Structure formats: C-alpha cells, structure tokens
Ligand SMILES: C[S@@+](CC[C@H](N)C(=O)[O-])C[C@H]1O[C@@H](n2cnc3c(N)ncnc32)[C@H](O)[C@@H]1O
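Below, in structure tokens: the form predicted alone, a single chain.
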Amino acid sequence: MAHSVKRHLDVDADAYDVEIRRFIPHYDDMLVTGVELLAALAPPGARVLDLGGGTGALSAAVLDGLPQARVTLLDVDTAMLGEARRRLAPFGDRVEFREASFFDPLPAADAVVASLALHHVHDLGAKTDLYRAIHAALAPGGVFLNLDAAITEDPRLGALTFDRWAAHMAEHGITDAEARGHFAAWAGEDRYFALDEELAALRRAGFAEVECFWRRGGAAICCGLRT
C-alpha cells in the first residue's frame, strides 16, 4: 500500500505544515540548516532531487536559498503532491513533480535531499540499498542530505529522547498520553535508526565522506558526498 500522510498521521495535506511543527521539535531550524549546508556543498545551479518532498516545504526553502537551482520533487502521496504544486507554483519551470516511490529509478541529480521521509524504510539493508541508488543518481561531487529522526534503540537513552519529544508536543497542546499514542501508532510505518547506523549505511553505500552536521534531540542532518 502506498504511503499516505492522511492515514499515517491523521492529518490532511492542507494542514500538514501547521501540524508538523506541533509534532517535530526544531523543524524550522532543521530546514534552514539543511539549505545552508546545501548552498555550501552544491553548485549554484544544482539539479536537486527532493525525495518524499510532501507539501514542498524543503523544496521551497531550497528554491529560495539557491536562486539558480532546479528541483524535482518526488512523492508517492497524491494529496501531498497537490499541496506542493500549489505552494511551488510561483517558482514556475524551476520545479518538476514526479509521483513515484523512493525505490523507483531515480533521475540524475547534483544533490539529493530528504526531510522526514526516509524513516519509512524499515529494514537497514533496504535503506542501504536506497542510499546506493541515491549515490548512483548523483553526479561526481554530488551531495546527499538526509534531514530525519535518528534515535538509538538503547532503552535508557532512547526513552529519554522520546520523553523530550513528548515534552515538545505538550508545549503545543498534545498531552503526554496522546504523544505516547502517536509514537506507538507511527511505529507501524516508521523505523528510526541510531546516528552511527545511519552514517555506517552511507559508507557502505559508497559515500566517501559522511558527517552529521546538525543534531537536536532525536533529529539529525546526515550528509554524504560522492567523489
């Protein structure tokens, strides 16, 4: 079954941009930092592929931050793509939309980005294969930035991360019981790997240089460069 934000989060596509900030700590800081890193690492006129681009929040930030860049937004959720088309209409032919899965053949790119999308890949081997496909799609010197959750499975440390996550949600009107209910429900589709597992998977996929440039609580920006 194709991924659906409506089914997964019980949030309509047109409400996603408000609700994601209630759910995810440091969301705006993560997007801003991701674009700053992309501008530092990618050529000015980069062809950027946004995997699981949703409503186009990251794509819009990229198009604003890199005025010569072109973006291909790929997502399997038709409702989210509809919101992205409306949001990104002012950018005209600088943006292209593709209704497709992560696991379909990927178009060539100078940079690949993803925001809160790739945690839907449950198996670390399958995720490593996806990273290999991303590496293959990148031009020499290309950059991959993954803005996503990275949470250890260690019981004490993982529990502390979720406690802090629930505290953020409480600040936005979501009770602790509701937050725990969300975590349990999301676990049906989501899988969060530890940061060291993510970086190791990037290395196995062929990225010669990998790094975590930003981390806040359970969220991180992992980077891989293709030589």
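Sequential numbering from 1, following the sequence displayed. As the structure is a prediction and not an experimental result, all values here were calculated from the model.
Below, we refer to the form predicted in complex with the ligand, which is not included among the displayed structures.
Colleague: Can you tell me whether residue 77 touches the ligand? I mean in the predicted bound form, with a 4.5 angstroms heavy atom cut-off.
Modeller: Because a heavy atom of residue 77 falls inside 4.5 Å of the ligand in the predicted bound form, the answer is yes.
Colleague: Even though the ligand is not shown here, does residue 27 get within 4.5 Å of it in the predicted bound form, heavy atoms only?
Modeller: Answer yes; at least one heavy atom of residue 27 falls within 4.5 Å of the ligand in the predicted bound form.
Colleague: Give a yes/no on whether residue 100 approaches the ligand to within 4.5 Å in the predicted bound form, heavy atoms considered.
Modeller: It does: once the ligand is placed as it appears in the predicted bound form, residue 100 has a heavy atom within 4.5 Å of it.
Colleague: Verify the contact flag for residue 54: yes if a non-hydrogen atom of it lies within 4.5 Å of a non-hydrogen atom of the ligand in the predicted bound form, no if not.
Modeller: Judged by the heavy-atom cut-off of 4.5 Å, residue 54 is in contact with the ligand in the predicted bound form.
Colleague: Exactly one residue in 132, 85, 120, 94 has a non-hydrogen atom within 4.5 Å of the ligand in the predicted bound form; which is it?
Modeller: Going through each option in turn, the one that passes is 120.
Colleague: In the predicted bound form, which of the stretches 171-179, 46-54, 197-205, 33-41 has residues with heavy atoms within 4.5 Å of the ligand?
Modeller: Going through the listed ranges, the match is 46-54.
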